[in-house]
Each structure stands twice: as structure tokens, then as C-alpha cells.
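For reference, the chain that follows is the form predicted alone, supplied as C-alpha cells.
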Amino acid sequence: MSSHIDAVPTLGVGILGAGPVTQAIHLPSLARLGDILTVRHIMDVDPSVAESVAARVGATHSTSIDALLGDASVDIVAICSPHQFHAAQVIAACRAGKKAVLCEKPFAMNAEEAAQISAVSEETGVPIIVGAMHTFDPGWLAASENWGELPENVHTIRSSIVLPPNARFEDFATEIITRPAGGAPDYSDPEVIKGALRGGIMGLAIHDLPLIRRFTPDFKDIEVLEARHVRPFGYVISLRTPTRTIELRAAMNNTWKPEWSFEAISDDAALRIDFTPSYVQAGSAVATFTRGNETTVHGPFEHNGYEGEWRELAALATGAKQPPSAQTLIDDLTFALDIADATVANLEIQQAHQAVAEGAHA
């Protein structure tokens, strides 16, 4: 005889790409949400990886995107493949009639791809969210419900990240550059430095750029004042718009105390949000709001943004919530791309000035 629990169907999840993010972030998050979500299908181009990861959760495995998208038990598709495949796979998932799509960031490589995704999402009605986990963190959401007029009055915004080394970030930062197998990047090569800075923005800073944009109404008028690569992997980038100063800082070193903070400061108030480091599963961000001598703290809550994005997907797939506008996703992406492009351009100017100075002293 069926129990009441059996009578409540869970939403089936299919995951494209079974690498570290799937294994260390999504599967543990989904394991805690077994009452609403079940992993049904794992696809990876490496058949042994697909099989072994699927076996952990009792899912079907394949090496074919078509097999996963054609699987009737899959309601939600998570796209965790290399970045250059994201746009085509998001579009294919929408056209396959799935109920919702999660795409790891960035969901497109340029504005043209983003516009195509927006059009297909509107045409098919399939909601899409991008895996910028901080925007789904209960600490951030609590702050957004209580900060009043702070976004209109802010003058300075900071994102500061100090993490222990993560080979995935270094690989991303240098994936466009050819380097010797097993060798360290050649930081005397200007192209390597540019690749590392662009990678830092699109692989690390991008987690907080949607938050920064929320406080930056004139985000389309962004200017880079200074851009510096921090070895082995990190950056210091100063930016401004006509009304805002923005500071992006990151360092990956053998730190004993990881830190990931976001700050928004006005003349009479300040918000600081302390996020858990990457790959940490439990516990949310803590938001501290200060005005004069008065301090209000929100959090920590039971779960963080990794679980929060899956809860959001379940709500979207069942129609319990309305999806974010496609324009919001496009604006977040173009903001990141604009910063990456302007940072590289700033670096090229610095390198040209350095070359001239060295020529004058030769």
C-alpha cells in the first residue's frame, strides 16, 4: 500500500556535466532536498565519470545531451558544463520542454548569446536562473528586505575575497592560454596576465557582481581606474560610475582564515554581508546593517545559497514563484563582460606605458 509520502512526486533533476561543482556542491545540496527533488540523470562526456557519479545517487547516466533532454523523468536541467557550451545547452533545454533550467555562470559568453537565450526563454516560457549562489542566500535576501533606501544612497561598494588555493580557479583563469602540462603560468607574459584578470572577473568576482549591480543604478557607465593582478591568483580592481566607487579584491593564498565579504556604504549607513567560502555547504551569510549607533544582524540561517538556488528552482518548476526577468540576467552578464573588457583594456594601456618607459631607458 502506498504511503502518503509516495503520493507526493518529487521533481526530477538532470545534470549536464559531472565535474567538481556537480560532485561537491549540487549533489550534497540535492541530498538535503530529497523530499522535493531527485537526481534522475547524470550526463558527462567521460563515460566513467558519468557512470560513477550517477551510481552515487542511483541515477541514469549517459554521455549524450540528447539522451538527458529526452528523458521524460527529468523536469529540471542543471548545466554544469564548460562555459562555451552554456548558451546552446540552455536553449536546447528550453526547447526540450523542461520545467526550469539552472545554468552555472556565466550563462553566455557574449551579449548576442544572452539575447538569444532571452528570446527562447520568452518563447517557450521555461524559467532560467543563473547559479550566482549569493543572490539566493537567505542572509542576502534578509538584507534586501530590510535595507530600505540604502541602494539609492550608497557611494562605495566592495567585494573582498580571501580563499585558500583552488586549482579550478587557476585553471579557469588560464584556460585560454597554452601552458606546459603541469607547469605554472608564465606571469611574465602580458597575455597570461590579461587572461588571469579576465578569468578572475568571470570566474570569481562574478559571484558578487549581481549584488554590486543592485546598488549601482548607473552600472552601464563603468570605468576602470586601476587593475592589478595579484599572484598566484587574485586581483585588485578599482572602478567608478558617475555616482559610485567600486572595489573588487581577491587573493588566493595559504590563508588560515577564509573571508568573503560584501559591503555597501552610504553617508549615514553601512551594510556588510559575510558569506561562507566556496564549497562550504552549511550555514548562510550573516548580514550586518549599521546606522549611527544602531546595529541589526540578520542570520545565520540554516542553509546558504547553494541550497537556496535549488529551492528557487523547485518553486519555479511548480509555478509557485515567478522567474527573474530575462533582462536582469542579461544586465548581470553584460555588467560582468563590461568590467572584464574594461579591465583588460586598462591593463593594455599600463603595459604600453611600461614598454615606452623601458624603451626610453634602453
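Just so you know, these numbers come straight off a predicted model, no measurement behind them. One-based numbering along the sequence shown.
The form predicted together with a small molecule is left out here; the points below concern that form.
With the partner omitted here, the residue from 272, 83, 244, 98 that has a non-hydrogen atom within 4.5 angstroms of the small molecule in the model of the complex is 83. Comment: the small molecule is not present in this chain, but in the model of the complex one of 214, 105, 229, 249 has a heavy atom within 4.5 Å of it, namely 105.
Between 327-335, 313-321, 36-44, 295-303, the stretch whose residues reach within 4.5 angstroms of the small molecule in the model of the complex through a non-hydrogen atom is 36-44. With respect to the small molecule in the model of the complex, the three residues 158, 209 and 346 uniformly fall beyond 4.5 angstroms at the level of their nearest heavy atom.
Though the partner is left out of this view, residue 266 does not reach within 4.5 Å of the small molecule in the model of the complex, counting heavy atoms only. In the model of the complex, the small molecule sits within 4.5 Å of a heavy atom belonging to residue 19.
The small molecule in the model of the complex is approached by residue 25, whose closest heavy atom lies within 4.5 angstroms of it. None of the heavy atoms of residue 143 is located within 4.5 Å of the small molecule in the model of the complex.
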